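As a starting point, one isolated chain is supplied in structure tokens, in the form predicted alone.
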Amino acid sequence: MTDQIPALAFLAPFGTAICLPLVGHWRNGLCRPVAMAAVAVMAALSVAGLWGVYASGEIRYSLGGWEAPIGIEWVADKIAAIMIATICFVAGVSLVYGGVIEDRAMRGRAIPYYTMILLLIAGLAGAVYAADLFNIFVFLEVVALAGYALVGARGGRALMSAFRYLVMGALATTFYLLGLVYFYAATGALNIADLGGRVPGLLGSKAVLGGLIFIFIGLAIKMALVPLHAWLPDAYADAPDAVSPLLAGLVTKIALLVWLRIQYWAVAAESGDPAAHVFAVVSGLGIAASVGGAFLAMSQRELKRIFAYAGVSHVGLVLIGAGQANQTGLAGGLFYLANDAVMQCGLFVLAGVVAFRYQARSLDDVGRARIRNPWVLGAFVVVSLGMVGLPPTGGFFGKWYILLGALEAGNYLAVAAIVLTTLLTLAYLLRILERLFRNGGAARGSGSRSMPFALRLSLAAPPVAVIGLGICGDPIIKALLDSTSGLGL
């Protein structure tokens, strides 16, 4: 049974997405409960998979019984198990929260709306499990197509943002596919483990180098890496509030995880000068993204745009960890990746709740609203502690290991970038915090009794998870170090 968990965890949302139009046609009101049930089943399977991987080692599932590299293989190692659990958590919070604050216009389109959400979740799971570059491409495209539809679901200005997202996504697809062609022409393989034995000795090949550059550009667009990030702020700011936490928490993070898999398990499976150049480039781009994203967040007035640029900045932090060519930085980057998914979900839930209950979408609106709700204030304070990187949150331990990785590599420019990014993150979060606690103006909706239980649960879950990741940080970091121990770093 354990060997089937990757397939079952994928089929829970994917199979439900296929059946949902029939269910919705019979009774439209069942769409949301059925979607939540599918995510709950996936979450239970993710817990079982996490337990199985920790107890017995990685799970390899061959579709149709054809073994890799000829057949299609899915791999559930400790990294994949942690990320699938993260996907389930963010998806669950987003569905609970979205059921309360989703736009009235969306209620008449429940079937396509929840179908797209389930396809997005299934695509993310497939991209995490897939062990070859072509199937990763297929699942990333499922994610992208569902993302385009969800961003534009509200209509109006969101349609233009969705179209811009689509154009950039099509460009990313083109680059990624070109990279696959070059890789396959040079190596005759697309399976990541198989590539790990072939690519390191061919890094002097122009075909391999070209393929690597094209794949990185494609994934850089999908992960919104500076300067290829322009599609993200508008897409996340204009998307329905109900889906912003799901998109912001997961879409760019899984694209980033895919790149880390390729960088370490396929391209840089062995040390050497060509690999060192790859690491140096990735670290430099991470430095630019972390600092640049934080500066851009400082210049924004709308809450969702501030949080969107914060996500851009933290993608850079993960890349700084990944670019140090050591286990410490890589484990820290992977751990921070999971933390950032939870923190981004929490921030966009908070932005949606503040807009829903207080009609506040900008810093000025927040200052006038005089928000006294303890759920809102407590959630923002705890998630902000994680974003800045203070104990006992998981953000502290992720950032700490990234910093240690940079010191271990002697990369003091990266150390300075981490410190500067942290200070800038503290600055733009303090701007929001100051307005949340501002005393002027008339209180509106300050009580917490009238707040629906679903909103209170959605506000409380991410902060609890952020602290929980901090408390459990040591065993998780050890698991990530164990997963990267065979890379020869």
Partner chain sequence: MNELIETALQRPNIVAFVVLLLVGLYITLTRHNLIKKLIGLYLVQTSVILFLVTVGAKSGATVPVLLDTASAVEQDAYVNPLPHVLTLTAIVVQVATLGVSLGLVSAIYRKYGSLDEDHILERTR
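Residue numbers count along the first chain shown, from 1. If you're wondering where the values come from, they're calculated on a predicted model, not measured in any experiment.
Below, we refer to the form predicted in complex with its partner chain, which is not included among the displayed structures.
Asks: Quick one: from 111, 217, 296, 145, grab the residue that has a heavy atom within 4.5 Å of its partner chain in the predicted complex.
Replies: None of the others qualify; the residue that does is 145.
Asks: Exactly one residue in 358, 400, 184, 375 has a non-hydrogen atom within 4.5 Å of its partner chain in the predicted complex; which is it?
Replies: Spelling it out, the residue with a heavy atom inside the cut-off is 184.
Asks: In the predicted complex, which of the stretches 363-371, 333-341, 166-174, 380-388 has residues with heavy atoms within 4.5 Å of its partner chain?
Replies: It is 166-174 that comes within 4.5 Å of the partner.
Asks: Indicate whether its partner chain has at least one heavy atom within 4.5 Å of a heavy atom of residue 134 in the predicted complex.
Replies: Judged by the heavy-atom cut-off of 4.5 Å, residue 134 is in contact with its partner chain in the predicted complex.
Asks: Can you tell me whether residue 157 touches its partner chain? I mean in the predicted complex, with a 4.5 angstroms heavy atom cut-off.
Replies: Yes - in the predicted complex, heavy atoms of residue 157 and its partner chain come within 4.5 Å of each other.
Asks: Does any heavy atom of residue 138 come within 4.5 Å of a heavy atom of its partner chain in the predicted complex?
Replies: Residue 138 belongs to the contact set for its partner chain.
Asks: Can you tell me whether residue 162 touches its partner chain? I mean in the predicted complex, with a 4.5 angstroms heavy atom cut-off.
Replies: Yes, residue 162 lies within 4.5 Å of its partner chain in the predicted complex.
Asks: Looking at its partner chain in the predicted complex, which residues in 21-53 have at least one heavy atom within 4.5 Å of it?
Replies: Stretch hits: zero.
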